[in-house]
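The chain that follows stands alone, in the form predicted on its own, written as structure tokens.
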């Protein structure tokens, strides 16, 4: 059998292909969207961090009102995760490549506003990919909920309750992985958390409790709920099925692809994690006929 090229895809009946030919065609199309440094994500990370850091002196000095800075800070913290996510998958540069230092830098500094240690995020995210929707092994399974409102209720309840939250799931995953790298991840988490609490305390001690609360404490809680919804609940709901083509879905967001931080096409990321975030929409539309043939959940997209 002659294997189709990507250009033939729309005009050909995919049901005529056996699984091997279909997989080859799928990989061929996906490969077109890989490679190169996602400079947009690098600029996003550094600009976002710079804006968030600048809010502190601007509000403390009275140059920017706190009611103006607060929504900006919320946006900054919400936007802080995804560039690190690119680095977690070594998309900026793989080990041994000249720009590896940049990959690690972006992975580390991008999530400072979120108080997210890079090693912890990377290790637990790899576990999520390996065990997506597994009731015990997926570190993100705590985001499973019957509906969007149920997710919001659970997220807020978990966020303001000691123990038993998402962090507990990540801690359990790190313990399960074990080894020297897990020890370093635990150390990083402790240092970052203590630094966060120390900065909040020092700010309050010096009469800037409101600024600390509205530039970091509350925006972090807002961002954790927002990120949990769009990066975990929405693309995996109902979080029951497992398997390459079943554990993730494409979905139509009421606030669009940008508002949902590119997660409408999260199915592409799980299938091909090395495709940069900004290329996933194009990759989705190129691969959609194959995804339909595979029986993927594509909702209304």
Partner chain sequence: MLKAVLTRFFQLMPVWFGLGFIAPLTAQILQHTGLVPPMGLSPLMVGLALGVSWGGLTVVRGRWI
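Residue numbers count along the first chain shown, from 1. Everything numeric here is computed off the predicted structure, so don't read it as measured data.
Heads up, the form predicted together with the partner chain isn't pictured, but that's what we're talking about next.
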* Even though the partner chain is not shown here, does residue 204 get within 4.5 Å of it in the model of the complex, heavy atoms only? -> yes
* To do: Using a 4.5 Å heavy atom cut-off, state whether residue 148 contacts the partner chain in the model of the complex.
  => no
* **Contact of residue 209 with the partner chain in the model of the complex (heavy atom, 4.5 Å)** => yes
* To do: Look up in the model of the complex whether residue 160 has a non-hydrogen atom within 4.5 angstroms of the partner chain, and give yes or no.
  => yes
* Looking in the model of the complex, is the partner chain within 4.5 Å of a heavy atom from each of 105, 109 and 112? -> no
* Taking the partner chain in the model of the complex as the reference, which of 184, 72, 168, 213 has a non-hydrogen atom within 4.5 Å? -> 213
* To do: Consider the chain as shown here, without its partner, and state which of 177, 126, 200, 99 has a heavy atom within 4.5 Å of the partner chain in the model of the complex.
  => 200
* Quick one: which of 73-81, 129-137, 224-232, 152-160 gets within 4.5 Å of the partner chain in the model of the complex, going by heavy atoms? -> 152-160
